[in-house]
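Below, in structure tokens: the form predicted alone, a single chain.
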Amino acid sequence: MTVASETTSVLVAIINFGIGNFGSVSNMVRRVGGTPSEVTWPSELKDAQAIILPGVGSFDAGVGTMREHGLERPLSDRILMAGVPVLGICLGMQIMAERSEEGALPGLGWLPGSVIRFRTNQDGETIRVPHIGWNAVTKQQPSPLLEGIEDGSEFYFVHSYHLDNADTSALVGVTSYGLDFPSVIQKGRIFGTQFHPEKSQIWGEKLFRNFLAVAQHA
């Protein structure tokens, strides 16, 4: 799937977990020409052309907030049934998996695999957490999310957990931090980044433009 990166006022529903980076994600959506819409209740999803699950905080807090606001089923309906593109960022991507070591609640299950904590590297040495700072993303296969972004470009990471046992067919990019872990995924119109594109300057802005272009051409 190849899309142009120009967008015209795509309505982007940004789920506000009350614990995350809603403001910075919203600002980036505006910067690339989209129209951000804060969502805390199911009725606010109705007209969305794209959905973003931002992420700062703990797994159970994010999943719990969605459940308290009745968003879990409506989100699945809009994304899995209606085909609305979604981008999960950091915790937002982890929530789309089946489960996490960080919490007791089940994830959304849109992606196979679990979320685990960094422990040891390939030599058995303890990995320092959290992983903070700029790191390269190595492309594994083409994706419209990374179109026009150079292989090995650096993005900004802040996390202690990562996706494990991911479906290789959904693996778009990997990053090395003691070990290789999934940093970009795609399954149909479900996209996820372990890094924070809203904090990743030029390449992060390009990634947002690409995501909104997918929504515009959906």
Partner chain sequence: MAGGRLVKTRQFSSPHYIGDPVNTIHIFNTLRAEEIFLLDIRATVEGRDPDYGLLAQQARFVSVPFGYGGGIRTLDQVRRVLAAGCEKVVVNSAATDPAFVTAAARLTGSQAIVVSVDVRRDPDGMARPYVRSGSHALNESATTFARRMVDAGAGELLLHSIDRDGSMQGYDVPLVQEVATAVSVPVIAVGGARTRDDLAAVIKQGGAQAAAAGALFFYQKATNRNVLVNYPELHIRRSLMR
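Positions refer to the first chain, counted from 1. Small disclaimer: the values here were computed from a predicted structure and weren't measured.
One more form of this protein exists, namely the form predicted together with its partner chain; it is left out here, but the text below deals with it.
In plain terms, the part of the chain that comes close to its partner chain in the predicted complex, with a heavy atom within 4.5 Å, is 130 to 138 out of 103 to 111, 81 to 89, 67 to 75, 130 to 138.
The three marked residues, Ser24, Val56 and Ile202, each reach its partner chain in the predicted complex, with a heavy atom inside 4.5 Å. The partner is absent here; in the predicted complex, the one residue of Glu154, Glu44, Asp164, Asp60 having a heavy atom within 4.5 Å of its partner chain is Glu154. Contact annotation for Leu171: none of its heavy atoms lies within 4.5 Å of its partner chain in the predicted complex. Contact annotation for Val158: at least one heavy atom lies within 4.5 Å of its partner chain in the predicted complex.
Contacts between stretch 81 to 101 and its partner chain, counted in the predicted complex as any heavy atom lying within 4.5 Å, involve no residue at all.
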